Structures are given as structure tokens and as C-alpha cells.
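Starting off, we have a lone chain in the form predicted on its own, written out as C-alpha cells.
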């Protein structure tokens, strides 16, 4: 367990965090939800580093998932949903990869994925539920028997048992726990003592972090201890859960970060058009990922005008009046 005084030793750059914790073939949990609080800055760094054969696990991710798949970094994926809202109800590179058999893929429901991370966070091997019984989710395996023999892959998608306490037939499903090698979380605030504060919905981020072997938190701001001690019920993760911190303002762009900035409709439209064509997608990666050597250079390319347009109103947490077409 790490003490709060050690946060300085865990503050690092994006490249340092990737080099130290992300490796070829690791099981990686993505925080955020569709077009909200995706850990984009570190995902770009992963792509630039050429990490391969990732086993992604996520609740319902969007932009981060799609660009990792499109960049050829992903071998295997377990997820409930992958979409960018109105800009891509199903993420385009992800959908194409599944259709073409370019990645190994298995799906669960939103609630089932949340339960799997919860089980991992509780250090239990599986968790019982009624959800999914009678649905095709419980009848259709995504992984082959060969894949199921690999490390970090459950030997079965689920199991069925009768409730041992009821004394009568009362079927429940057992879902396998998830314990990722690394979890990526983007947060609004990190205190000087290492405490993490996520404003707005946390989705499955906290369970993912508590279930993972290593946790990297990117954040908008590092704030004084006096700030983080105000409203302590708003804090999300204690310092001892986190292995690396990276300060990256606009680190979720082009997805939103509640109370800081909205999602970027111009960029998401640009991405959608590029993702639909292999050649244009390659050009997109060259321009927006490989063609910028730092997060600061990326923001300069986005432009001050757009960053101001998506700046969140303090009263509501998003950008009222933003043209979302």
C-alpha cells in the first residue's frame, strides 16, 4: 500500500506511463463511456508506441476503443457496447473488425460487464445474477475453445446453477470476474495527496480500477490537499489504488469531461468520415496521432477557437448552445 507522500514518485509523462505499465498482449480496461471521459491522451500514446495484441475489456466505450481497434493495437475484446452516440451508433472501425473477424470478440450486457468488474474488485472469482437468463447473450459464445485456454480468458462465458439456498429449482447465472492487468481512468481532479475525484457519472471506472493490477489516472488538474478535503464524499479513489498519474488538460478530447469541456462535434464528425474509409482512416492517424509528438501539439492542432467552443458552463457542466450537428 502506497502512502500519500509518494505521489511525486508516481507523477509521470504519458510516454513514461505507457513504457512502464502497458505491454504487448496485456489486458487493458478502458474507462469512460461512449463520448464521455475516454482516456484519449494516453490511448494516443499507446498507438504511437506501437503496442500490439491488447486484450481490451470495457463497459460501454467509444472513441478510445474504436481508434485502438482501427490502429491495429487490439487482438481481443470483451465489451457490452461500443458506440459514439449520434456520430456512430456502432463504432465504425470496431464494427468492421468484428464483421471481418479481425479481432476476437465476446459480448455481455451492460449490467453483466459491470458485475464482472464488481466481482474483480471484490476479489471473488465469479458473481451470481439473474440478468441475461433466456437471452441470446447466454447462448452465443464469442471465443473459441482455443482462446478460452489462454491466460486472462474465462474458461466459460458463464455457468448456470440452481440457487443452493432455496431448496427448489431457481436458476442463476454465474459470470466470471475480470481482473485487468491495467486500468486507464481519466478524472477531473487529483489531489496533491493522490486522491482522485471524478465529477459526474463514474460508469464502471471505479470497479475497473479496484479490480486491476495496475491503475493509470490521467487528469485535468492537480489540486491542493485543502481542495480535495472539501466535500470528501465527492472523492472517488484513494491514493493507494493508483500506480501512475499524468496531468493532461483536455486529456479526454474529443470526448467530454463533465464540468471542464463538452465533446467536440466537429472532430467526431471528422473522425466518422475518416473511419468509413481505410485510406482516409490511415491519413487521420498520420495527422492526429503519429503527426503530433505531444499532447500540447495535439491541442494546438485542435485549435483555441474549438477548445473555447466546447468549454463547459460551470452551472451545468457542459457547453449550452454548442452546435452538435
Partner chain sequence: MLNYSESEMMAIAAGRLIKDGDIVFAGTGVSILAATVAKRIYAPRAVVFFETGGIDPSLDEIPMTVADLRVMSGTALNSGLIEAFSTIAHRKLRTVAFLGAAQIDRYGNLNTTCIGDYHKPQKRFSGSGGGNDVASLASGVISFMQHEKRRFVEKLDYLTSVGWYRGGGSRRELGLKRGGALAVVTNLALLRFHDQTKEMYLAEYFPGVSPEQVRENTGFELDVSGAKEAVPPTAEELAILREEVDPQGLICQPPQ
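Residue numbers count along the first chain shown, from 1. Not measured: the values here are computed from a predicted model.
Although it is not shown, the form predicted together with the partner chain is what the next lines describe.
Of the heavy atoms in residue 195, none are within 4.5 Å of the partner chain in the predicted complex. Among residues of the shown chain, residue 218 is not one whose heavy atoms approach the partner chain to within 4.5 Å in the predicted complex. The partner chain in the predicted complex comes within 4.5 Å of a heavy atom belonging to residue 317. The partner chain is not shown here, and in the predicted complex it never comes within 4.5 Å of any heavy atom of residue 152.
Annotation: in the predicted complex, residues 68, 72 and 179 none come within 4.5 Å of the partner chain through any heavy atom.
None of 82 to 90, 241 to 249, 228 to 236, 179 to 187 except one has non-hydrogen atoms within 4.5 angstroms of the partner chain in the predicted complex; the exception is 82 to 90. Taking 147, 159, 222, 133 one by one, only a single residue has any non-hydrogen atom within 4.5 Å of the partner chain in the predicted complex, and it is 133.
Taking a 4.5 Å heavy atom cutoff to the partner chain in the predicted complex, the contacting residues in 16 to 46 are 33, 34, 35, 36.
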